[in-house]
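In the block that follows, a single chain appears as structure tokens, in the form predicted alone.
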């Protein structure tokens, strides 16, 4: 862990919070959230460095409540205590004024102390110069384009009722693509992500070699597959993309109550999924904080679907007040640290068990095509292959699918792999994201492709 960064901001946040809380009036409450990072960004093209940047930024979110109303502000902190005290004090005065102009919020949840917690994940990351050397040397002679980012990321929450939560993680990822042309001169690519707390050069080299092995298969002649239903294997990265789409509204209590849930029929017991399918939120994986921005602690594990049967929603305290159903600390009501439990199919037996059909390494452009019916649509991408009798024939031209989740994870689910893979969030829009998914690959008896 970058102790200087971590300790500096932990001390700064404590002093700044105490100063603001001491200036509150008896009927006022204040919730503070800290989101910070000290990140190295390295961008590669054809194995050469195109960008070398370091970013240190810390964002403070202030949520002020008074007279049954709430107002929120955000600002970037400077790290100078006196300056940040002046900035936040002026926003506190502004909040007092603006909150009076708002209507009373009937579903406003009163602040309370949600306890204390500290979770820190220490990593071992290379210096920027070392990362450049190791990545460039390992990818020499390969058409490699990628993006390395690493460093400490922190999240913290405090409020005027006494809660105090701290989460920090020093991690990295390399998000990359390898490019080639096949025998017809078509551009082809393989995508991969290497991510962890500790850099392991042997592991990175091993993963890159695996990607290169797939890339050699992409150089074969493309197979034109007609629309239809095919026996299909979804690699872990493809399954993770489907989970990302499900995260939008499938498990939200609020969406269910508003008729917007993609799993409405599942929760109403009208339909079920396969007994092979168990999905849960698992904060013990350390991918993101267990607390939300209100400082509410979710259970370490929340079983959402067990052996195909719906068990729990993701529910916020605001939804509890509105709908009278107990909250479980999930605000927003989206998947944050998700796990699909593994099955029994060894990964090295996937092609053999697939037999003849489609091997799909990645999916993209996913969206709901029929929310009430639980249908999604999307495209194949990158490592998609036609397989015959357990042997790869060649890459496929991209296909569009439109399929029901009740078939993908239900009636057509033949097996899940024994091995699981972690797919971390790699978003860096405005700031580095946290969270991710851990899931196996999925073998389907059939999957429907429309174009």
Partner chain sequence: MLTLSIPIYEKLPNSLDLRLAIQWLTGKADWIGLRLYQEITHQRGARNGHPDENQVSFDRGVMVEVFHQGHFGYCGTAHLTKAGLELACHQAKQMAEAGAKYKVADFDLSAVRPRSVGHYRSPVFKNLDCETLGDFSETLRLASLKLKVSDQIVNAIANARLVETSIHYVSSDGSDTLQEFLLLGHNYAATAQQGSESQTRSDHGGVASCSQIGLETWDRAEILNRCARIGKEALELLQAPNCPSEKMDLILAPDQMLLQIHESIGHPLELDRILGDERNFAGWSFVKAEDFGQLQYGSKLMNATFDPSVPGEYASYAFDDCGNPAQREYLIKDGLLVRGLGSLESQFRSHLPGVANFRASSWNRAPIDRMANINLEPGSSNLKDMIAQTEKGILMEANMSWSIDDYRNKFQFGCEYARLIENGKLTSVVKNPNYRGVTVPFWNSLKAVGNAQEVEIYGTPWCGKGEPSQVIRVGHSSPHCLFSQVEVFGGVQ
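Rigid core (definition): largest C-alpha set, two forms, superposition within 1.5 Å. Since we're looking at a predicted model, the values are computed, not measured. Positions refer to the first chain, counted from 1.
Only in words, not in the display: the form predicted in complex with the partner chain, which the text now covers.
- At a distance of at most 4.5 angstroms from the partner chain in the predicted complex, all three residues 101, 106 and 260 contribute at least one non-hydrogen atom.
- Only one of 141-149, 154-162, 234-242, 327-335 places residue heavy atoms within 4.5 angstroms of the partner chain in the predicted complex, namely 141-149.
- The partner chain is not drawn, but in the predicted complex it has a heavy atom within 4.5 Å of residue 318.
- Interface residue remark: residue 355 is not counted as part of the site for the partner chain in the predicted complex, having no heavy atom within 4.5 Å.
- Remark: residue 365 counts among the residues lining the partner chain in the predicted complex, judged by a heavy atom distance of 4.5 Å or less.
- Taking non-hydrogen atoms only, residue 196 never approaches the partner chain to within 4.5 angstroms in the predicted complex.
- The contact with the partner chain in the predicted complex, taken as any heavy atom within 4.5 Å, belongs to 379 out of 229, 118, 300, 379.
- Within 4.5 angstroms of the partner chain in the predicted complex, the stretch 417-451 places a non-hydrogen atom from each of 428, 429, 430, 431, 450, 451, taken in sequence order.
- Core-aligned CA deviation for residue 126 between the shown form and the other one: 2 Å or greater.
- Once both forms are fitted on their rigid core, the CA atom of residue 419 lies less than 2 Å apart between the shown form and the other one.
- After superposition on the rigid core, the Cα of residue 56 moves by 2 Å or more between the shown form and the other one.
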